[in-house]
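As structure tokens, one chain now follows by itself in the form predicted on its own.
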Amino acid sequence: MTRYLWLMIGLTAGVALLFVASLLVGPAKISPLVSLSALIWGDSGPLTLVMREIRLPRALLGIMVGASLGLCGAAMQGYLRNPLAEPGLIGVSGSAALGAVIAIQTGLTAAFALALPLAALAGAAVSVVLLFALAGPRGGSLTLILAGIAISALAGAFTALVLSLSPNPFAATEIVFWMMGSLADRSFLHVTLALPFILLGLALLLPLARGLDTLTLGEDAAAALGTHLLRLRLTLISGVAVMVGTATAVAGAVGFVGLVVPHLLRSAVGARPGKLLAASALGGAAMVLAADIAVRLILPGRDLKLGVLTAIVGAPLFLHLVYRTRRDGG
């Protein structure tokens, strides 16, 4: 068996183990066998309700959010041929966060349970329209990056404006906590809402593997090998927007997953952007599941946010990777 196949088997097994661990970790000291029995053959008692309505959707969302961010990070790095690229570069996550902030500030979340994720998805959709309008259908990579940075900065400014003008301190607190990222208190409503968009994103991004591989030779060579660059660009941006917007909508801002995971796995796939897509999706799912388990174990009596932990762990790790890359290159 090839090294890549062993890597995929190992990542799949790791995600499966972390998924089961996510189901079993909680404040109550209950036997794993009892917990799994309540999940599979439950009798509608309190433990069955906890397993099926709280822990199971949380674990499923951990896989979905992590896979989305990992896959989109690998896709952006492969397309831009820049290992520092990350999913939020095109402004989708910031715009999705702005949509959610507006929903909280206006009180829509109190009137409608799914108002927050739907508003976040609407914000992501608006950012894609702006991105295509600013960058143009045939704009280069630099134009795309500049347009994304502008949209992200604008979304951040409006988010700060909403916070500064908020007359309700409870709404402002809710906004700040939501923007830290978390999978707590999510239900199957969020899973049902996110799943079609995640599957659509997978269907858009995974087939781009060959095109991203040809791009490593340069755009002219990729076009000569039959890669339709405009179609690749439009499909990639659409897929990244769908997945990142959905992940932000259901989990808030969870950073560094799409930046760090492709870095950790790139050497294992032989620096092939196409092979890195699926590997990063599994690696991202494993990272988010592990981080979500950690937030429940480190401070079980406090609400440690998922996005805070991924940033605390991800930022130093990324700095180490940058230093190692510079050292090896020098």
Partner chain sequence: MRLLLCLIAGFVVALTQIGIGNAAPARVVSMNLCTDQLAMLLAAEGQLVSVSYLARDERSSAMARQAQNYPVNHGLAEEIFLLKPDLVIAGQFTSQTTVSMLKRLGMPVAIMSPAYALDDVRDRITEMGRHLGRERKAAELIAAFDAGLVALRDTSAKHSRRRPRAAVYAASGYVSGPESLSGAILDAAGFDNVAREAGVPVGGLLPLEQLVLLNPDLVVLPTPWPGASRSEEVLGHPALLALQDRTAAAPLTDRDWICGTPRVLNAIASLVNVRKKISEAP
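Residue numbers count along the first chain shown, from 1. All values reported here derive from a predicted model rather than from experimental measurement. The term rigid core refers to the most C-alpha atoms you can superpose between the two forms while keeping them within 1.5 Å.
Beyond what is shown, the protein has a form predicted together with its partner chain; the following relates to that form.
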Report task. Indicate whether its partner chain has at least one heavy atom within 4.5 Å of a heavy atom of R233 in the predicted complex. Result -> no
Requested in this report: Tell me, yes or no, whether L297 is in contact with its partner chain in the predicted complex, where a contact means a heavy atom of each within 4.5 Å.
Outcome: no
Query raised in the report: Contact between E219 and its partner chain in the predicted complex at 4.5 Å, heavy atoms?
Result: no
Query raised in the report: Going by a heavy atom distance of 4.5 Å, is G270 a contact of its partner chain in the predicted complex?
Result: no
Query raised in the report: its partner chain in the predicted complex: within 4.5 Å of a heavy atom of each of P46, Q105 and F177?
Result: yes
Query raised in the report: Pick from 270-278, 257-265, 284-292, 23-31: which stretch has non-hydrogen atoms within 4.5 Å of its partner chain in the predicted complex?
Result: 23-31
Query raised in the report: Which one, S238, T143, S187, N82, lies within 4.5 Å of its partner chain in the predicted complex by heavy atoms?
Result: S187
Query raised in the report: Here the chain is shown alone; which of L183, L89, A194, L212 has a heavy atom within 4.5 Å of its partner chain in the predicted complex?
Result: L183
Report task. Taking only heavy atoms into account, state which residues of 141-167 are within 4.5 Å of its partner chain in the predicted complex, ordered by sequence. Result -> S166, P167
Query raised in the report: Can a Cα shift of no less than 2 Å be assigned to P169 between the shown form and the other one, given superposition on the rigid core?
Result: yes
Query raised in the report: Quick one: once the rigid core is lined up, does A100 have its C-alpha move by 2 Å or more between the shown form and the other one?
Result: yes
**Report entry** CA of T214, rigid core aligned, shift of 2 Å or more between the shown form and the other one
**Finding:** no
Report summary line: Evidently the Cα separation of L199 and L108 changes by 3 Å or more in the predicted complex, so the atoms lie closer
Requested in this report: Regarding L193 and I104, go with closer or farther for their CA spacing in the predicted complex versus this form, the difference being 3 Å or more.
Outcome: closer
